[in-house]
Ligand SMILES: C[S@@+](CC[C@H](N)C(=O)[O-])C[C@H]1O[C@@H](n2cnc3c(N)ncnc32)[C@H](O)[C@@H]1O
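As a starting point, one isolated chain is supplied in structure tokens, in the form predicted on its own.
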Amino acid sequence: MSPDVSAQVPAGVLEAVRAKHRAMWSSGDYPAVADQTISTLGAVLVEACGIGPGDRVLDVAAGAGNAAIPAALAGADVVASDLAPDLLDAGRRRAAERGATLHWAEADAHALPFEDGEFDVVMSCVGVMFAPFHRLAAHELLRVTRPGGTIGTIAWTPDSLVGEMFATIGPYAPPPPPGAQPPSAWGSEAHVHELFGDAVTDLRAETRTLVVDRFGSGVELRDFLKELLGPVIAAYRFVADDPERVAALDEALVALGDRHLQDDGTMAWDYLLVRATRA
């Protein structure tokens, strides 16, 4: 890793972030969240990256394998990496149920334990966006992709329901570390161009919409997030001793859900799909 990139974030800060995020994403039930809302996105990314038999693939911040398992079923040699061991365990169970064979590795997106140029395809489906030090994470995606290989990401746009949700919980959540950037910035084409720069060619970005029919009201959305999604659980824990702030967060999440609920009872969650070639 080049010193100018790695030196931006002190080792002690990275270790504290790892511990915090490992605990946060192990709380609630992220696999259930993925199953009930974004189960189709992994296959979308696999198709966009053109993954097939013989490809050596790394899924970064893979969770329980939403993209890694479809990649393995497409015939690729897949490594699914994530910071949270609980999510990897859930992924192993899901892979066995679906008859998929792949490798699972505990890894931080800021410091991937793989060799330079080891993979033909490096992808992340609403995963690497949550690594707070974007330049460092992007550098790692680039480093482990072979020249001519493919990098693919899916991230929520800033004005999507999920992007707005993170902006909504921000004032109630533990403060981010110095230098952290918001997750939904990965959903901005300009930001992704800035992160990858001339280290990639043929970068293509497309905003798409995921139709979610899981929630009939803002209350249903709030209760779902409050029970199952780690970052929202962390926000509620942070303000638990202040009933007024808890009530305000409740109201803000309900209002968010109601604002995005369409007349047909569905919600439209916008995301940015990016595919680029490693220079």
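Sequential numbering from 1, following the sequence displayed. Please read these numbers as outputs of a predicted model, since none were measured by experiment.
FYI, the form predicted in complex with the ligand isn't displayed, but the following is about it.
Asks: Which one of 83, 76, 195, 79 is close to the ligand in the model of the complex, taking close to mean a heavy atom within 4.5 Å?
Replies: Of 83, 76, 195, 79, the residue with a heavy atom within 4.5 Å of the ligand in the model of the complex is 83.
Asks: Give me the residue from 126, 144, 95, 200 that has a heavy atom within 4.5 Å of the ligand in the model of the complex.
Replies: Only one option qualifies, and that one is 126.
Asks: So, in the model of the complex, is residue 109 in contact with the ligand at a 4.5 angstroms heavy atom limit?
Replies: Within the cut-off, so yes.
Asks: Quick one: does residue 269 come within 4.5 Å of the ligand in the model of the complex, counting heavy atoms only?
Replies: Contact with the ligand, no.
Asks: May I ask you to state whether residue 131 is within 4.5 Å of the ligand in the model of the complex, using heavy atom distances?
Replies: Yes - in the model of the complex, heavy atoms of residue 131 and the ligand come within 4.5 Å of each other.
Asks: Residue-level question: is residue 51 within 4.5 Å of the ligand in the model of the complex, judged on heavy atoms?
Replies: No, no contact at 4.5 Å.
Asks: For this chain shown on its own, do 25, 34 and 63 all sit within 4.5 Å of the ligand in the model of the complex, going by heavy atoms?
Replies: So, yes: the whole triplet contacts the ligand.
Asks: For the chain shown here without its partner, which stretch in 250 to 258, 218 to 226, 63 to 71, 237 to 245 has non-hydrogen atoms within 4.5 angstroms of the ligand in the model of the complex?
Replies: One stretch meets the cut-off, namely 63 to 71.
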